[in-house]
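Form predicted on its own, single chain, as structure tokens, below.
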């Protein structure tokens, strides 16, 4: 199976004494849904921004990131194919990045900007087919009734769902979500995770989602990659992430990763991980 994401020897420093990632290597196959967990400051957001081509890695000879078999950056340099590859990647941030003064529909239509002439996008000249596709995307995330509302009128959960609809309109094959539920209440968080799971299972979209609470990884993602201090300390089936095991991996930091009282999803059992393996660095 083709790799949707392949990372080799990835390091990233912010200044001489701040190394955020240390020689990270892993693969994600097309169609997987993978959680990225870790305490605050573990390097999750940095890793996702590097995969998206939004920032550059350290200039090391072995460093390379590929998306669907094509290099997006190597040795700290963004490749010539990066723009085309970014059109295949939908990125959903913790901050929703909607334009508050625009309608929800227009915010979703913005997902087309990378595939149409810039002058048309600047003038908001979207075709009927694009508008139909945007409405269909809003239907997928349960937001049709809010299509003509201004972005500023939406709740946090609604804004996040609109951001996911924008990625659908973009035609994303890889959806990267950087703590998309961190600022949401439990009900809204479940709705967002249900949508991501549905897109993965029904549409075959590869999903990589960073999460602050491991319960969501257990309930939605067959595989989890765990970071600690910029290194991978576990890469394997999510079901292995018991509270005791996380205590071994993270020590006192493991308390950050559990959200008491989160019920399990009985209607969507976790699938068996197909290529997750335990990482050798399993000492606390």
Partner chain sequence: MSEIAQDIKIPVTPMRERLVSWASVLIVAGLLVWSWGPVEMYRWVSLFTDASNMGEFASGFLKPNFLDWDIYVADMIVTIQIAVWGTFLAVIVGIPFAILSSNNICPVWVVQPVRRVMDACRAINEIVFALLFVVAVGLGPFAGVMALFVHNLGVVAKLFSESVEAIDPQPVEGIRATGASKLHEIIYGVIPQVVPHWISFGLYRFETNVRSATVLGIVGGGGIGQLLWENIRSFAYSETAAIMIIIIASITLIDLLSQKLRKWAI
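Given the structure is predicted, the values throughout are model-derived calculations rather than measurements. Positions refer to the first chain, counted from 1.
Not on display, but discussed next: the form predicted in complex with its partner chain.
Think of it this way: in the model of the complex, its partner chain has a heavy atom of just one of 140, 131, 86, 191 within 4.5 Å, and the residue is 86. A heavy atom within 4.5 Å of its partner chain in the model of the complex is found for exactly one of 113, 184, 71, 144: 113. Taking the partner from the other structure, its partner chain in the model of the complex has a heavy atom within 4.5 Å of a heavy atom of residue 102. Using a 4.5 angstroms threshold between heavy atoms, residue 197 stays clear of its partner chain in the model of the complex. Contact check for residue 54: a non-hydrogen atom falls within 4.5 Å of its partner chain in the model of the complex. Within 4.5 Å of some heavy atom of its partner chain in the model of the complex lies at least one heavy atom of residue 122.
Residue heavy atoms within 4.5 Å of its partner chain in the model of the complex occur in exactly one stretch of 72 to 80, 131 to 139, 165 to 173, 205 to 213, and that stretch is 165 to 173.
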